[in-house]
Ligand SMILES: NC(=O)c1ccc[n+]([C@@H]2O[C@H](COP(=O)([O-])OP(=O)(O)OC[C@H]3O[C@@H](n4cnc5c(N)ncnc54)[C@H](O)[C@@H]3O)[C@@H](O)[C@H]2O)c1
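Read the single chain below, which is given as structure tokens and is the form predicted on its own.
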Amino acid sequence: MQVKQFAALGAGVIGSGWVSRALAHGLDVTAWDPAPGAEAALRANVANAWPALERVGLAKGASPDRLRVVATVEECVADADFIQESAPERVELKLALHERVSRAAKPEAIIGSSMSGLLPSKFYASAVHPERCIVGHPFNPVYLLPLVEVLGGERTSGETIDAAMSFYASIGMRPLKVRKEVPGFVADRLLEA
């Protein structure tokens, strides 16, 4: 899977970490967040992360200037090859957001969520093209910690999981394939123990 355009929904701590990592790996990034002042906060978070990313090593073409912040969900995901949602973990909010995303995204785009407490089979039950929907649960700070848990729901295709694993690896992550849907996935369950 060739990802050229990365979309980030939600520009908080996790979302801005994804944005920083994608920019550091030379991707064009489109971001959306409805919070007042979200763009300024996102750009400040990227600027804060950039020195650490420079020390680790930037990809050819990496630049914070490749970030574009847009006004709507639909504009954010329209041209994206890979979409990473990092909205607050409130079921109603995430379901409404993903309904919009799955209708507006290209049919071949992979849609990932940074969630840690919701199971993908239930979460993606009403998605358009649920075969392309996954969970990509990262660790904070996303721009430095490379672990990401990847899992699909009952209707997620194996090709989508493989492509997501490959994409995450291409941006310096170490993807861990979670084979069974369990609340909290692997790492959060270990932390709680």
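Predicted, not measured: the structure shown is a model, and the values here were computed from it. Start at 1 with the first residue shown and count on from there.
The protein also exists as the form predicted together with this ligand; that form is not presented, and the subsequent description refers to it.
This ligand in the predicted bound form comes within 4.5 Å of a heavy atom belonging to Glu89.
At the 4.5 Å threshold, heavy atoms of Val13 reach this ligand in the predicted bound form. This ligand is not shown here, and in the predicted bound form it never comes within 4.5 Å of any heavy atom of Leu119. For the chain shown alone, Leu9 is a contact residue for this ligand in the predicted bound form, at least one non-hydrogen atom being within 4.5 angstroms. None of 50 to 58, 160 to 168, 23 to 31, 134 to 142 except one has non-hydrogen atoms within 4.5 angstroms of this ligand in the predicted bound form; the exception is 134 to 142.
Taking a 4.5 Å heavy atom cutoff to this ligand in the predicted bound form, the contacting residues in 101 to 132 are Ser114, Met115, Ser116.
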